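Presented below, as structure tokens, is a lone chain in the form predicted alone.
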């Protein structure tokens, strides 16, 4: 017998007690992603600017914030924030234990996992401005950063990407 709670997605927020380095963030995300059952992932934290934004050194490049590439699911993308929290939407309740275990394996310090509603399931004004009236992929709802200057502020990992990487 299938009930509503069996088929309803579960949303969780992983809140580490420290900001994650790119290596730790990659290790954690790969542990979570390899467990399967992920619908959406959102990484949040303070921006990592490429140049000094104010003061006497304004405009000077910051070397430590360059080339912060992490690989997830066979696809590399640039990390633009210092990872402070990770929000996940899981296919169901059965994947929650796998996320807890992945965090215990990847994080050498304490963390909290909180359940709740973190993703939108309706189109926002920003979504409408970015994608128009009809959004085909409902996973994109609420993931648009209205202040992002670049188009490529969103990485979409799909089974097609994984299959094409396996064929190589």
Partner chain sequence: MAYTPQFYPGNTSVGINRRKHMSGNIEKLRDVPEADVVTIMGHRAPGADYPSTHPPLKEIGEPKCPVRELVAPTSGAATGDRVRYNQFADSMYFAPSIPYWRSYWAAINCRGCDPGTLSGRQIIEARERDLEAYTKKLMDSEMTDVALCSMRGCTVHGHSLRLEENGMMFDMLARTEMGKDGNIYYVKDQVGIPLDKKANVGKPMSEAEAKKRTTIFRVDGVAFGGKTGARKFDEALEALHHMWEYRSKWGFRPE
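Model, not experiment: these values are computed from the prediction. Numbering follows the first chain given and starts at 1.
Although not depicted, the form predicted together with the partner chain is the subject of the following passage.
At the 4.5 Å threshold, heavy atoms of residue 48 reach the partner chain in the model of the complex. Among heavy atoms of residue 24, some come within 4.5 Å of the partner chain in the model of the complex. A residue is said to contact a partner when one of its heavy atoms sits within 4.5 Å of a partner heavy atom; residue 92 fails this definition for the partner chain in the model of the complex, lying far away. Contact between residue 116 and the partner chain in the model of the complex is not found at the 4.5 Å heavy atom cutoff. Within 4.5 Å of the partner chain in the model of the complex, a heavy atom is found for every one of 52, 60 and 84.
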